[in-house]
Each structure stands twice: as C-alpha cells, then as structure tokens.
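The chain that follows stands alone, in the form predicted on its own, written as structure tokens.
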Amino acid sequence: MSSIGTGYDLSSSTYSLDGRIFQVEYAMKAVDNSGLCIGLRAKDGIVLAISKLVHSKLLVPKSNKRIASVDQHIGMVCPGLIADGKALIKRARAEAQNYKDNFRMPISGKMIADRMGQFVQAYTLYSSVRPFGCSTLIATYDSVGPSLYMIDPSGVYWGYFGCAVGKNKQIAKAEIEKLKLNELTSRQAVMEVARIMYSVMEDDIKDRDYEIEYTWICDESDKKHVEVPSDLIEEAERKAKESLDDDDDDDMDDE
C-alpha cells in the first residue's frame, strides 16, 4: 500500500509506512514534466534559460515570462506549475525588500536561498496547504561573486556550478558535467546553454511551437539581472542548430 501512496497521499503532513511524503514526490513529478530549465555558473556570471511550449498561436510572443528579477542582482526562474512559480517570485521580492529595509543593504544570495527554502518547506508541514509544484533556480551576483542555487519542492536547497531541472534533466546534466565551467565566460555559457537545449529537446519539440528565454547576470551586464542581448541569442541558436545538422549528417554517413 505504502509504495503507491494509497491512503498516505491525502495530506502533506502524513508519512507513509516507509517514511515518504507522497505529496512532495507528486510535486517533484510536476516539475519533471515541465519544460527544461538550465542554469550555468561561469567564471564571470550566471546564465539562466528555460524552454516553454506555445499552446496557442493567439498568444503574444514573449509575453508569458518564466524568468523574473527579484532584485537588480537576483534572477529567479521556477520550472513547474506557473501559478506556484509566480507566488514564489512574489514572496522572494518581499523577502529582498524586507531585508533591505531592515539592514540597509541588498540581500545576499545565500540568505535569499535560505529564506525561500524555509518558506517552501513550511508548505510541507500542514494538511491545510500543499507543497509548491515547482522548483526554484536563483542566480545572484553579490560581494562574494556569482552564485547559483536550486530549491526543490521539499524546501531543500543546494549551491550549484551547473543545474538542469525539468523534462530530460538527466541528459542535460550529463552534458553540463562535460563542461569546464570555471573556464567559461558568460558569453560562452550562453552558447553552451543553447547547444544543450536544442540537443536535449530535439525529439520533444519536433513539429511544436516553443520559446526559450535567456537571461544572465554577469560582469558584462554590470552585475544586474537582464535579458541576454538578442544578437547573442540569435548567434547561439544558429550555432546550436548547425551543430544538430552536423550530427545528423554524421549519423547518415555512419549508416
């Protein structure tokens, strides 16, 4: 009974017989079914990217943003349920403003990750609420340099050099592990993110409309979280598509 959650998944405050909280696991499954999200920490900054399907041709392009600025030096993306992500972004902005009001200085990356992790974890304690159906990637550039954190629906958070969340995340992680991130510039990281995005999503996005958002926070952006320049995105995506075409040609030659 406990292995499939029957009778133990009605509340996030109930443990199964083997010590699992199924509501949290269901939330993680919602994240795994969402679009691929990647964060890379380069030597001079951080690049964030997330893919999203365009469900209707009536939608205004680039209107449904998934990546948001919490403060000038903090970027945040929440792969998973969009409404839950918007709620977490609103909370993060309140935490950043509250810290600035109290201490007269911008909140650090470690502190915003810790506060948001505690907030997310609180939603796994009570039967009157449910866990957030999204993970959270937080990119910051403060006095200690660029930092990248990921918070999962249980409230646990880690610091990362590179992170992938969402559909096909294991394939993306395998590609990220091949990179020498400490040697990459932010511009080079944008190229790598686009290449990984297109290579991983090749089968999933075939014959479907989609968008990919790119933002960064780095020395080139004056340590502020902003969108990646359009000319750089176009170059990165062009090279990513060329790389895919070359791989397809190689496969044909092998056959």
Partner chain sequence: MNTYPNPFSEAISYQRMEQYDQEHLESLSNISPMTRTQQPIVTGTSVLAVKYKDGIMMTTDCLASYGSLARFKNIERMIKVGNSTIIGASGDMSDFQYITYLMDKLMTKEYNANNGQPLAPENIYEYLSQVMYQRRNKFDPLWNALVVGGYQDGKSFLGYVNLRGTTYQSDTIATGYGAYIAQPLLRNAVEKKNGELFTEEEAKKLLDDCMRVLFYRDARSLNKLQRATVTAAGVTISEPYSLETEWGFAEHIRGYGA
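Everything quoted here is computed from the prediction, not taken from an experiment. Residue numbers count along the first chain shown, from 1.
What comes next is about the form predicted together with the partner chain, which is not displayed.
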Using heavy atoms only and a 4.5 Å cut-off, decide whether all three of 147, 180 and 182 touch the partner chain in the predicted complex.
-> no
Would you mind picking the one in 115, 100, 173, 91 that has a heavy atom within 4.5 Å of the partner chain in the predicted complex?
-> 100
Heavy atoms within 4.5 Å of the partner chain in the predicted complex: does residue 227 have any?
-> yes
So in the predicted complex, does residue 71 come within 4.5 Å of the partner chain, heavy atom to heavy atom?
-> yes
Answer among 101-109, 161-169, 128-136, 80-88 for heavy atoms within 4.5 Å of the partner chain in the predicted complex: the stretch 101-109
Between 146-178 and the partner chain in the predicted complex, list the residues on our side with a heavy atom within 4.5 Å.
-> none
